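Single chain ahead, by itself, as structure tokens, in the form predicted alone.
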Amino acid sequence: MMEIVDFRVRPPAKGFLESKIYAVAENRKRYTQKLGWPLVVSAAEQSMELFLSEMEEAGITTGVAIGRTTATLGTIENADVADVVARHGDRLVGVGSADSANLKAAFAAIDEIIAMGLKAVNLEPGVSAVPMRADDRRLYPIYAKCEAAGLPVVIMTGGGAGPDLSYNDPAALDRMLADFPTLKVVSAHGGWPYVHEILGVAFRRENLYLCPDMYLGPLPGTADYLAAANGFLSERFLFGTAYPFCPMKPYTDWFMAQGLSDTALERVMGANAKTLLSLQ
């Protein structure tokens, strides 16, 4: 049986419920409807029991619960991520977060992430108190610390990643990847809408992983993402539902029906995430 790792979930528990995703339900519903998916029952009812049931129904064996530290989208403390993972350790692994705009706090958060056994560091510099693009030199000490610790970085560089579309600019990510060639970096939201450009960066930078998550589906660029996942990017493409924006079973069923080869599908659905996050 294929293992499925959903690389991008924010379960309905603890500090996750205080972030904008849950606190502003109409915003979440608007995105879900624009993407053409049915509304997510477990999110509406803020029920972990239903969330786990929906995971099981979708065949998702592991969810990657991602924290955040932002000025506009809310904060999910690393302690809350660790607590939710500890309560559901057979189904969830955790990614902590650091404050992109506060170097001292970011260093402390990275140490905390390591001590808590969380698997990576999430950064969202475009929606921090001081919006920054991926190659902003103020972020470089954070990247260097993660690189030295062997911690992958998940960085939001797609969708609503900043005050304007320039914060999704794949050229900025390309420059950063060149400066940190051994740092493994996941582009959350996959650089959308700059699909060809981000795929070009991934072609030349082998430390870049893509997780387009909610920006796959009835949107321009989907065919190009899937062609890359089925080809040169099959070992660096990550499946993710962006729950609670997308319902897990409908999204998973749709994705698995998109014609990826058996080898690519096994990698994308789980093997790549397990390797990246050093999961057993």
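Counting begins at 1, following the sequence as shown. Not measured: the values here are computed from a predicted model.
Below, we turn to the form predicted in complex with a further copy of the same chain, even though it does not appear here.
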Q | Among 110 to 118, 82 to 90, 170 to 178, 141 to 149, the region lying within 4.5 Å of a further copy of the same chain in the predicted bound form by heavy atom distance | A | 170 to 178
Q | Interface residue in the predicted bound form among Ala106, Val201, Met132, Ile155, criterion: non-hydrogen atom within 4.5 angstroms of a further copy of the same chain | A | Val201
Q. According to a 4.5 angstroms non-hydrogen atom cut-off, is His196 in contact with a further copy of the same chain in the predicted bound form?
A. yes
Q: Please run the contact check for Ser166 against a further copy of the same chain in the predicted bound form: heavy atoms, 4.5 angstroms, yes or no?
A: yes
Q. Does a further copy of the same chain get within 4.5 angstroms of any non-hydrogen atom of Gly74 in the predicted bound form?
A. no
Q) Is there a heavy atom of Tyr215 no more than 4.5 Å from a heavy atom of a further copy of the same chain in the predicted bound form? A) yes
Q: Could you list which residues of 15 to 46 come within 4.5 Å of a further copy of the same chain in the predicted bound form, counting heavy atoms only?
A: Arg30, Tyr31, Lys34, Leu35
